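Two separate entries follow, structure 1 and structure 2, each one form of the same protein chain as structure tokens.
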Structure 1
């Protein structure tokens, strides 16, 4: 009887553990013995209408963990696979992104925190810094690439070769020691990469904001980029205990389903399409993730859109019909289905003179009455523009043929530099610094001494424009070519261009990819404006004081943009010729050995028996011959058949030998 009570007592003890020890029960944060929170998880979603009638959806998940004694072995919220990578390979900072499509800096902006931090080049981009001695950085990088390749089901292990990664010193942000950077422009992005990324979340895609990540809705967008960022953080105010922050973001640009490509009225073409969160992403938010400390949804109005809405105050058409408040919740341009819980307004020194608005929704409060679904209905035409970087960067190829060419980087003014440095643009001391970081594969032989610089379509001396430069020449099959430089451009510059000449190398036949005729990729160049910061400050309310997304907006990061990926055609052999040679050779050898084996396997006695069987008469024919008193014609002698057989054999052997000799001689 006592043995039967023990299992029941153990079961009751296990069920009472969450009640007795709240630190290990389900909750939004896990607290340690000293009362400080060891782990924390937040989820946020930002929706923003774009000027080209598209909608930006930015998912932001942040997971924080302290470096405790159990760090790397046991976690409640923080993914154990990531903590083990950090601990084993001594990773200090790391960023990994999977991107499909190219960010449109002219239509979607490039001067805000989202475009500067989450607009990534196509394919895979990975950089990491390590807390190891300099002679162990390369080994840690190779081990990290293999681990990430298996974790995210991607070809990141191709970055282990020294010919595919580089070591920037100061032109790439963050510029710190023991940094390695690599890209795979042609890496395809699919659900096999998104599923492991979602498994790192505490609720995965089963509850909360992450449940909106419907695969067909995400991958039919014009642009999507999933990003994973690891960085150190100070959990306690005095900085006694340092921790690590895992930041997961997914940026998607979607087209509303109600978009009308044609309209009978020209004024209706300027009316943005009406959209809902369920129509964009295919789902509604049923409830918050119970493990999340906060779960918020934001609707952001760009500075240009707010300026257009404020201009409606002076329009006589709407006087007396609608009163425009400072929060612009009720306006004649659009209508929101759900009233926001709070409204945030951008503050600070704004370059364009207008501020952005942020409508905030708490998922815990909104889902009490049912699933949360935000509708935005446009009622009047609206035209605005997003803030762009000071200079729009683009890159293209020059020249023709498969022998040599040139790379050109073009910088065109967007007008923002005049607003930032308008009062000092006539002074000689006013300079706009621009950092350029570019990596070229080893088979592109760049001649760095052929740099030519043009300012406002006039050629300038290189020392007058390039303040600082670092060049690492490529080495065949060992190292890529790396160029880092700082350009000092006048504040009132209208256009700037830089060209580099190169020769195209030759590859071994084993080094060509399966689609060699498509061309070879040159990774995107990175253009950074170190003196121009992409930061946004909003007046804080109690519900948004500790919002990780708004905290990232307040960080003073330099404006950064990526150029296009260049496609360079190289001299490619005709891969059909080896196929034809292999096919003909195999055919001739099959005929040769087939005939030879056929001749060698046949026996003379069996051949003679077959000939006698053919020449022998049937019993009926012999009976008729006796009745007619005629002698049956005897079959031919064996000597005749054997001589015939031997002659055929000799002819076959001579014919096969002649074919073999001709093939060896003429082939």
Structure 2
């Protein structure tokens, strides 16, 4: 009877399933109709030729999710690890970046959205804001660093100690609140950091644009930076629960192969090297990720390049050749293998007049038209300039010796600050504000009263130039030294510099890292230009298909640049000293006790000799007897030696030889 019941029961279940399916699908459809409540994932890749013959590849993955009040939540595209992290530590906004290499602001740009938000300091940089009361922020930060170190296989847990992180108030991010910022300049970045980052994507690195990530090609680049950014989503209707937006970007600067040997000497009149996606990254895009809402590849031509191309076009038109299109797809300078699906032009008031162009390609599903590979062949030599920040920031150390030194931040004009006058005709009152944020470890003891400011190589009084300054002095082994300040520089400034003196501190022997003689790092300073926006507006070809990458480009973020990391040699002790001390002390003890015992032994035999000599009479006769004994002993010993020469010596020789042979064979 039970056997009968079971198949009937299973049959009933089978029959009821198709009835329940439409209800399930209806349910999801209901969720889907409510626009901002579903999860979305988009993937994009931007390629940009750079003026110094390199190519920038920028991957952008964006994942949106709905945050709910309940703890248990099933995610369909959003990574559970991140949502659990956000829920557990009440993270409001967070950014974590792993970088190797230094962003070259002169050749790769500093004014465009990519360099402003993706040029990061080497090593690990982490900042986060929390939704907890101010006294619990430090505890949340500590737990967050530990969780992230486990998630990304990095030593981010070193940021837990209060001597490594700081709390900037207005120089780093405007109106921050519970912000904590920490950086590790010497952290290595390798495959084990990229793999968990890729595992947060719905398609991992198996399908879609993320399948391009060939590890040797990425780590061969001049600069690579992977970044993870969490922010609350902008809510349309109710303000009760806000969604999370997870933005993952990977920025790589690569050199196309085959031109390493040639371009050693003057590369000005040489044609830039041809490159293809398969030659740069080693792979082609086989198909899109099926879970992605949109999958696009963009090729961006910078304003400088477009200006040069237009000039070339005008020359050709003047000569009398065919009229070329406005979108420059067919032009005399280079050739693209695939015709773009759409062309976007930059809009808005631009300083130079020419606008940047963006060619867009939509990646189709799997192998409709074969794998996607983009080739760019250059036909004529081309030189152009990239948009640089108003002032080029750099930082260096001054002074010598192990006792004191000075940090100098220098800002040099790149010619772009001239264009900032704008409509303000009054050149005297035009002022360029510059925010400087610098964190210095506690063993670099900075003296803030020694700040000197120079504008155009002339010393100026500090209150004239520094409008606002906030300083958090360092405390030995507990807090780092934090400096936030706003400098007001005249718009037409050619060069500005700021110096700060410091004393070098001493570390306890346990606090030295194993490679102490390399030196210690002072993390990068952050220079921000709050009045200057790095934003690019492109005309959207259709309002329904919004690209998250281009939306990020439209954000009004201030231009930001990072200075170099400084390496400071500190006084290091001789780590072999304990060993040396023990060896010397033991030697001294051995010599002392050894000679003491030896001397004691000799005394005892002296007493015996004295007893023997008591048989003789006076000291003189004793002396004579001593001398005579010596004379007696000598012939005696000679006779004895002559008689014993053969046997004793031979025995000794044989013994030594036997020991040597045994040592040789058995040692």
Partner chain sequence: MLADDMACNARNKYPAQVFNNENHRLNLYGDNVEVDYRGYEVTVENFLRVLTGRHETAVPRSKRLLSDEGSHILLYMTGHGGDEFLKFQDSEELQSHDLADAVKQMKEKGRFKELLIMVDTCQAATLFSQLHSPGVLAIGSSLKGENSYSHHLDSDVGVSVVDRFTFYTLAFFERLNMYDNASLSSLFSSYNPSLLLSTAYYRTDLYPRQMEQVPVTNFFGSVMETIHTDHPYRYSKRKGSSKGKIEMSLDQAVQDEKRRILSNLGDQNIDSDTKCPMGSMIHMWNSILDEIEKFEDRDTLVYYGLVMMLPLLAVSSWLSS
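Residue numbers count along the first chain shown, from 1. All values derive from a computational prediction rather than experimental measurement. Between two forms, the rigid core is the largest collection of C-alphas that superpose within 1.5 Å.
Annotation: structure 2 represents the form predicted together with its partner chain, while structure 1 represents the other form.
Taking the rigid core as fixed, one finds a CA shift for residue 594 of 2 Å or more between the two structures. If you overlay the core, the Cα of residue 656 moves by 22.9 Å between the two structures.
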